[in-house]
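The chain below stands alone and is given as structure tokens, in the form predicted on its own.
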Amino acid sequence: MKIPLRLAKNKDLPSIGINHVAETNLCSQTLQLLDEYRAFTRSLSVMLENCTGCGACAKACHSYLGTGDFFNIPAARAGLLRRIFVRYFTWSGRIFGGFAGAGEIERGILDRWVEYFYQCNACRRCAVFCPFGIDTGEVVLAGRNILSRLGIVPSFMADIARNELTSGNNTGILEPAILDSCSFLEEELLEETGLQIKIPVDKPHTRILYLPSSSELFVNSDTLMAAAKVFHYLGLDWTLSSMLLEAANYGLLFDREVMKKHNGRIRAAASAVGAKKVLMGECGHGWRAARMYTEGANGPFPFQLQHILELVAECLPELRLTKLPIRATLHDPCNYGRGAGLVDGPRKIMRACVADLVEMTPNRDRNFCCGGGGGLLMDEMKQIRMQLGEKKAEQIRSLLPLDYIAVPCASCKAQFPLLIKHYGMGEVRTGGVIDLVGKSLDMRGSAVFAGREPNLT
């Protein structure tokens, strides 16, 4: 399936540290980069050498099930890179060539990499069902990293990476706009609750730095307002940072150097406000990048790192909540369920907030991807994303009627309304898990912590 992917222009790449390689050098440079990557990530060689092509991953993959394209079978997709690896980096490939499953490097194969590596959400569900534990999502990310070093990068990702590394957020929001948006949301909170609930920015000597998705200032503002209500209720000393207003880290999805630089900003932003704890907002791959790679990429983390869902789950006994009379379900973002083990906290919160919580089948680490993650929120990918989300739509339809789908990830929040409309599932509200806490929280109990800090670990 040919996808109309817009690639970044050469002038867009130097600002994010990516070099454009001349057409004549593409093949030789690809082999050099593959050699460097397999030395850096030795597990890549293990995964490429041990796939038997048994097909167990086929029915586990929402991409293949949605498109029916053979090369979207995880083993076949990884095979596009495996053929080159076998040919140039194994003795059997060098001696027996095609009989050993080897293939020659050529520009055409790089076009195939772009086409199919960007039809994969890197959700890693294939690894759950592979008898050898082969993580094809990691193979895909290796291929994307190699492509990025060649200067072959989707414009969407290049733009976001440049914004993250210059302004500290995906959309390039500058400090005046940040302050204006927070002021507007404070007015909304005052009108709703009658309380002066602050959303501080760059507050010095603050205990907690909160890193939301930048979308929470505009599109998903209910999530940020709910978080502010919880922090106010608990009497927490917190702030946002104008230099880093983004939990998301798109470098994880295509370029490890971009990921490393953006993760490094967490340390700088926390130091600037004197924070002892960094609290990550509702972003799937952002949480995985921070939790799993920050120390490996940038050294020991001198602050406590926690997800907001973990903190709220711990504080439930201190919150005065009234169950909402709704039927709701929870979507497990791939990078929570399979990437960071964040599955129990969201459920504990939802059971305290809604009258009727129903589970998707399957769920937790076996849940299907919604089709919007992995950096595929590009406009030109919308039609294909609807195909990638077919299995998720089936999960939702089996639970109808529903009042609310909790989607604690910014990318998933962008995908779900489109899926619901595309598959004709009527009016179903979507939003974060924290949104539910904000709606069910009785703010009259906020005085319980007046003048003292709550007992948090």
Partner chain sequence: MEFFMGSVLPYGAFSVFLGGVLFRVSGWLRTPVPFQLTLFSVPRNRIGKICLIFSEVLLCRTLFRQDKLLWVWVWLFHLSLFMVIFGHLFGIFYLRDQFCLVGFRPEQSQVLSVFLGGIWGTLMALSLLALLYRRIFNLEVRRLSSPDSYFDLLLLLAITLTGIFMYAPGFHPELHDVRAYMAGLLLFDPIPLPRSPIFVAHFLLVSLLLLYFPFSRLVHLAGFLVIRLMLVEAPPEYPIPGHKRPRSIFTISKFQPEIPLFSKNSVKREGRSV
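Since this is a predicted model, take the numbers as computed values, not measurements. Numbering follows the first chain given and starts at 1.
One more form of this protein should be noted, the form predicted in complex with the partner chain, which is absent from this view; the next part is about it.
- Residue contact check for Tyr423: none of its heavy atoms lie within 4.5 Å of the partner chain in the predicted bound form.
- Within this chain, Leu31 is remote from the site of the partner chain in the predicted bound form, having no heavy atom within 4.5 Å.
- Mapping the unseen interface onto this chain, Lys198 counts among the residues with a heavy atom inside 4.5 Å of the partner chain in the predicted bound form.
- Heavy atoms of Leu400 never reach within 4.5 Å of the partner chain in the predicted bound form, leaving it off the interface.
- Just one listed stretch, out of 23 to 31, 427 to 435, 391 to 399, 45 to 53, contacts the partner chain in the predicted bound form at the 4.5 Å heavy atom level, and that stretch is 45 to 53.
- Among Phe71, Phe231, Tyr88, Trp113, the residue placing a heavy atom within 4.5 Å of the partner chain in the predicted bound form is Phe71.
- Checked against the partner chain in the predicted bound form, the candidates Ala355, Val358, Leu316, Leu179 yield a single residue with a heavy atom inside 4.5 Å, and that residue is Leu179.
- For the stretch 227 to 266, the set of residues having any non-hydrogen atom within 4.5 angstroms of the partner chain in the predicted bound form comprises Met243, Arg256, Glu257, Met259, Lys260, Lys261, Gly264, Arg265, in sequence order.
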